[in-house]
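Before any questions on how it binds or moves, here is one chain, the form predicted alone, in structure tokens.
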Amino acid sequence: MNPRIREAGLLLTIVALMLLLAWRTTGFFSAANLTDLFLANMPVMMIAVGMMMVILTGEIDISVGSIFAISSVVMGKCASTGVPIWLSGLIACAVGVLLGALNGRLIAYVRIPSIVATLATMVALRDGLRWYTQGSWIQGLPAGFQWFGMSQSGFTGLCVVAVVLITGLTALGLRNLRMGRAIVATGSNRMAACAAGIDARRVVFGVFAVTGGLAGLSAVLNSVRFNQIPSNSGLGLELKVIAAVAVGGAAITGGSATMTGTVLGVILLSCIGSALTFLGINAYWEKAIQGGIILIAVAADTLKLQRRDHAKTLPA
């Protein structure tokens, strides 16, 4: 399907959902609810940018929720022991980059399939964090930790700027920079990309490291919303991120994705959970919807590949 047609369909779906909510509910469009909705889903948007690049290369990362949780705990632990808040944030982001680079190393150079490697790191990191914290939340955070010492509205503005810069610069980079074109080429045809002089292993390693860094950054910005940090944060985050990228039109097999589609996918899925609550529908359906979206996306890509392969076998 043409990406523009897919994006137009997503936009129409979002508009239809908004009209339904305006008709059947009150309070959804209040400033307080929209602010909470944005801040709650800001990590999804940031990590989705990295996930889109990972999927563009034909890989997948299901460990982002665990990286997010570890970065959150690192942020809190550092700040609670007297490390300056800004330095605690940098350390947490660095931890995210290192964990993402670990995934990239296992996948690009050890050549473990990405689904296997990131499943292993997801479980190992999550269980290791559970053992380290014993399920305890991080408390005793210093004054000025929450909202970075800013007002809530000022912090929200900072997050808006961060999201706009990350999405905008990534979109420009994928379109105009050599590295961006290398990411697309690697996912489209890895053998052809290598023949053209592209180091596909370096590309794969890089996108996983960047995704880890974005998970770390989003963990930092999410952590300062509260005066204590749960040790089990980020549960189910990977499912929502992958579903958002998939519904945005990214080909799970790689080589095709757009930033506009990813942003619209995040907006749609971010609104669904809140919409279910406002419409009086059990919120547990949100996970089922996300899983269904991933299933449909994978099935659509598989059918597309089968048709392409069938067309190649037809006589000229």
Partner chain sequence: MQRHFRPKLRLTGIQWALVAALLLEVILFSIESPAFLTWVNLMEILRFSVELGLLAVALTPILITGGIDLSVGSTVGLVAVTFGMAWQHLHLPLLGALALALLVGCLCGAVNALLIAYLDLPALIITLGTYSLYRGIAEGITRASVSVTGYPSGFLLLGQGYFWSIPIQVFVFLFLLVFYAVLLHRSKIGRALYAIGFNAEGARYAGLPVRRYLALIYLLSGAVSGVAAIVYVSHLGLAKSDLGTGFELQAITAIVIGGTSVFGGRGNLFGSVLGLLFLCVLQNGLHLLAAPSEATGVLTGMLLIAVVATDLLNDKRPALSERWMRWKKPLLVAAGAVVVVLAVVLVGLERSSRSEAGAASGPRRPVIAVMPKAKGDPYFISARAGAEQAAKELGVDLIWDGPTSLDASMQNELVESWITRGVDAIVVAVENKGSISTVLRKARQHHIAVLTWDADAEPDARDYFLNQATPEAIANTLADEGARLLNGKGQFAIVTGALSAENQNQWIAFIKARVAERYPQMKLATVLPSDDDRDKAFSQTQNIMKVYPDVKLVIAISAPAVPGAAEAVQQSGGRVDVIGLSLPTICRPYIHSGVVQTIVLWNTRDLGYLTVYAGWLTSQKKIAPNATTVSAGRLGSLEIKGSEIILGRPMIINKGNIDRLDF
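A quick note: this is a predicted structure, and the numbers were derived from the prediction, not measured. In this text, rigid core is short for the largest set of C-alphas that superpose within 1.5 Å between two forms. Positions refer to the first chain, counted from 1.
Keep in mind that the form predicted together with its partner chain is not shown, yet the notes after this line are about it.
S.K.: Please identify, from 76-84, 111-119, 90-98, 161-169, the stretch that has a heavy atom within 4.5 Å of its partner chain in the predicted complex.
M.R.: Result for this chain: 111-119.
S.K.: Heavy atom within 4.5 Å of its partner chain in the predicted complex: which of Leu214, Val204, Ala243, Val220?
M.R.: After the contact test, the surviving option is Ala243.
S.K.: Is Ile252 close enough to its partner chain in the predicted complex to count, meaning some heavy atom within 4.5 Å?
M.R.: Because a heavy atom of Ile252 falls inside 4.5 Å of its partner chain in the predicted complex, the answer is yes.
S.K.: Determine whether any heavy atom of Gly292 comes within 4.5 Å of a heavy atom of its partner chain in the predicted complex, and answer yes or no.
M.R.: Judged by the heavy-atom cut-off of 4.5 Å, Gly292 is in contact with its partner chain in the predicted complex.
S.K.: Is there any non-hydrogen atom of Gln152 lying within 4.5 Å of its partner chain in the predicted complex?
M.R.: Close contact exists here: in the predicted complex, Gln152 approaches its partner chain to within 4.5 Å, heavy atoms only.
S.K.: Can you tell me if Pro142 lies within 4.5 angstroms of its partner chain in the predicted complex, counting non-hydrogen atoms only?
M.R.: Heavy-atom contact with its partner chain at 4.5 Å: absent for Pro142.
S.K.: Taking heavy atoms and a 4.5 Å limit, what residues of 132-160 are near its partner chain in the predicted complex?
M.R.: Sequence-ordered list: Gln134, Gly135, Ser136, Trp137, Gln139, Gln146, Trp147, Gln152.
S.K.: After the core is matched up, is the C-alpha of Thr25 off by 2 Å or more between the shown form and the other one?
M.R.: Yes, because once the rigid core is superposed, the C-alpha of Thr25 moves 2 Å or more between the shown form and the other one.
S.K.: So the CA-CA distance for Leu268 and Ile294 moves by at least 3 angstroms in the predicted complex. Closer or farther than here?
M.R.: The answer is closer, because the C-alphas of Leu268 and Ile294 approach each other in the predicted complex by 3 Å or more.
S.K.: Closer or farther: the CA pair Glu286/Lys240 in the predicted complex, versus this form, with a change of 3 Å or more?
M.R.: Relative to the shown form, the pair is farther apart.
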